[in-house]
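Only one chain is included here, represented as structure tokens and corresponding to the form predicted alone.
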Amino acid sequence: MSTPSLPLADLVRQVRQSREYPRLTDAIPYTRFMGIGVENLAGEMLCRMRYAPHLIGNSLLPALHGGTLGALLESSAIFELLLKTDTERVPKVISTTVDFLRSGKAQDTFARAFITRQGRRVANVRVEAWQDDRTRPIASSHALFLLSEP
């Protein structure tokens, strides 16, 4: 874990070139707390939320809290926009819809974001999250982000 010594825009530019994703996720206290990191797995940029007991919402099952899955989906979308577009600032959420498809087990969860449409000011992003089987997502979301002010 490192403390950012650069402004976020400079750090994002460096991570875009170096692909040292942990430098970016470690610089954000919220993603550190949630255990969310960006990883290059088999040539694909994925987000992983490492399991921790504080992520459980229903201790009887035990199942991940819906808010933690929402945080993973939103973080994945933001990292995709930061690392795949030329935006100089953290995109702001305009709207988001989350579909909870299955109960999240007490284990690591992965997410992959896809920019479905990008204009000069806004971008649409679709994200899917899964655990054991990528073809059986546990949650998905569609989100609209503001990339720049007028």
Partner chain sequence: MLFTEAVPHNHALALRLEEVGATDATVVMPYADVLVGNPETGVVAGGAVTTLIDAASGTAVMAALDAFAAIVTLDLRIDYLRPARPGLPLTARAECYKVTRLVAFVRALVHQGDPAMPVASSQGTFMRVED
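Numbering follows the first chain given and starts at 1. Owing to the predicted nature of the structure, the values given are computational and were not obtained by experimental measurement.
Omitted here: the form predicted together with its partner chain. The next part is about that form.
- Under a 4.5 angstroms non-hydrogen atom cutoff, its partner chain in the predicted bound form lacks I115 among its neighbouring residues.
- Residue contact with its partner chain in the predicted bound form: V90 places a heavy atom within 4.5 Å of it.
- For the chain shown alone, C47 is not a contact residue for its partner chain in the predicted bound form, no non-hydrogen atom being within 4.5 angstroms.
- Remark: V125 does not count among the residues lining its partner chain in the predicted bound form, judged by a heavy atom distance of 4.5 Å or less.
- Taken together, H54, G57 and G66 are fully in contact with its partner chain in the predicted bound form: each brings a heavy atom within 4.5 Å.
- Although its partner chain is not shown here, in the predicted bound form the stretch 112-139 places no heavy atom of any residue within 4.5 Å of it.
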